[in-house]
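Considered here are two forms of the same protein chain, supplied as structure tokens in two stand-alone entries, structure 1 and structure 2.
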Structure 1
């Protein structure tokens, strides 16, 4: 071995050892300072997802929206209680998808540095047994809300039915802070193009498909519709499937899946229905029709090769007036308003939902304004993580205390208005007024919260379903093969949930 190689090898080993020691030391420090049973909790390790403070406090051209609300809240909490908040963002907590978030948590648990408060997309890691049951704590008064006698009462009433908050055993395992602003995303459309070509804003999926088909016939329109940029591949986990295609079909099955007839199909009921064979596409007409609709969406509605078209291509085409509609988040509104290249006027509408005009196996769903009682789904909620607090009552109590502080209306207003991507989950908190500019909150949204459509329950099973679906769309699997796989993976995922979560299956026909 030559000397250079030897030196670089020794250097690499030293760096790796130093990194490992630093991580271990930090982990030990966070846990140690979090306190034992008898020690006061001096530090609380917290993951607030996108609500965590940004690296810089100051606005810069590259980061015009620094996140400071949680920084100020944490400072105020430290002044009040003496407990310092340590942020998971300092430990490279990812904020993109559940796979990366799940991997990060597993890594942190292994090095005994799991945050006491975590964001895991609500209940996505429920089968891993990571969440504390928050039910009894929500019955306590929140001392940070004047006159409050029961913490649970400060939240919007419907959030407890949300599958992101309540697990498959009916336990409340996350505290909701931010709701979707009506629909999860919006369709931005070229208002001038619509007016010139007599196109009207669609309210159902069928009308939406017709608008796309009409757009394909108009010279100059290169992309009648551009999907949400977060949906990067052919998948049933896409926002299109979750928020537009499946809700009407899931609602159509509610007479068979809403076992307790309370108007909402819980995760527990979905698991039962899957195990009883209700979602098997070989016998379930709703499943068959829905998967075929999804197949057609990817096969014929989206432009050929759409998944390899870059965001820049779409953005340029949009600016050139060659895109009729595009799906984006409400958080993008300020960026769209800042687009000085675009020469046309734009507006937005809520993504349409497939209903009875798309299929005899989909139900019509009510459309409501927020002022009429529309129930926005939970967007950001936080768990108390058992690997961090187990066996440490003081740390558990501190985590609950900070969540109480964080959920006080004034704190929620500060975070939600700064974030600008959703509505407060707490009564009396104020929403981001940027929505007023487009009168977004005065619009009607389709109620999709009756039931979710189940996929694999467990990420691995869901991944297998998505892979099989993609193969079907690409012609590498037949419809029959896909139907067999989706049923197998759903049943396997449901069984894992039952086993891991010790779900009581008494009375189930399985």
Structure 2
């Protein structure tokens, strides 16, 4: 698709969405629920992560793809309700990782300037007690959606089981807006190079490693594989561990960790399993095999010194045809399509997952197309932040009202079309048209949502695990020392979750 046409089309969608939202909800302007007892809330402080408007409405060298959908949606909301949306980006809200986001929120809380609506990677800060329970509000009608009698019904049904939406006590604490577009990430590859050298697209981790090894034998290939450049260090929080290495091992344990036998292992069940010793690598064969596979990935698969190679070096090598494969988000697809320096054809495939051909302790996971019922995990969801709304019922109601407005199909279509990185979490909203170029949504994706692999639950504990893992890879700690540390930090993090969130442990074997 022509990029100019795509951008102009998205702009039209944004403006049309704002117009449609205003028209659909104009009857609500004098309704007590919106314009009455919350009318005096003249400003609402909001953090929408990467969906917040860019500094400029027009493309600039520093911002070639401006974000405007939320700008127009906020303007329409102000016209309708009189409430101005104040963006967290005006207060230097980071968007890169949970550690920086957590630090920013703590700073804003300390100076009593916390956003009423926030993005915290779903439920990552749940142990801090910062989230409002949204369950009762989701039972209300959404007045911005014609004919709706229960707000919860406009969303895809499966999102309420996602750990990014529901906390360890089973409370819904975030409103999903964007889902992963099938797989969470993609492997971009040099299609011409693959064809010229008889290389095939891998579907399992072992096949992927073989493809990398084959690439090492091809003259002119400098990097057979480049990991996601946002993963700048050796870490079990990396994309490779989360989306490729661990899902098959977590699924292999599900017969022991899915205590309620509903087919999905919740955060609560992971905490229980850790405290009952199920994930202790000193006795758990799945954990032992998984960590060894991750060790091998960093020790032998990645190119030497990969963590110090700059983005520019990798990008230049890719454009020069010296990279066979690279891991990147789907949001990068439009950038890749508009790359005029690259002279070869590219394509992309879903990251392969380690399964039974990698280890007897990893399960073979089913692969499905979206049309066959594949359930994408939540990518972007928003919390109502208790430090901002506690003791202020009108502000709380206004935050709920804006989230209702924001989750109307027209608004979600505009944001998702413009963002181009995911699928709508709302029924009736449209997916990004850019995916039609690659037939991406017609592909099969590995179902990895059965269970996550637990790390430390609390960011500090996870950081200690990652530091110990890095030391193991660099030879500064033994495998046995790492196993001891990871078990200790998992248990300590799980205990903190239980204590801070007052989780009921009756019936647990701890």
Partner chain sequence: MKDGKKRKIQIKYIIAAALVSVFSLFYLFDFLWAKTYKVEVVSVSDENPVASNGERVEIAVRVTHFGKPANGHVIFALPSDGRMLAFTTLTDENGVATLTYIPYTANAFLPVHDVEIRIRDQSNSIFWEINAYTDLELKMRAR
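Superpose the two forms; the largest set of C-alphas matching within 1.5 Å is the rigid core. Since the model is a prediction, treat every value here as computed from it, not as a measurement. Positions refer to the first chain, counted from 1.
The form predicted on its own appears here as structure 2; structure 1 is the other form of the chain.
Taking the rigid core as fixed, one finds a CA shift for residue 475 smaller than 2 Å between the two structures. Relative to the superposed core, residue 61 has its Cα moved 4.1 Å between the two structures.
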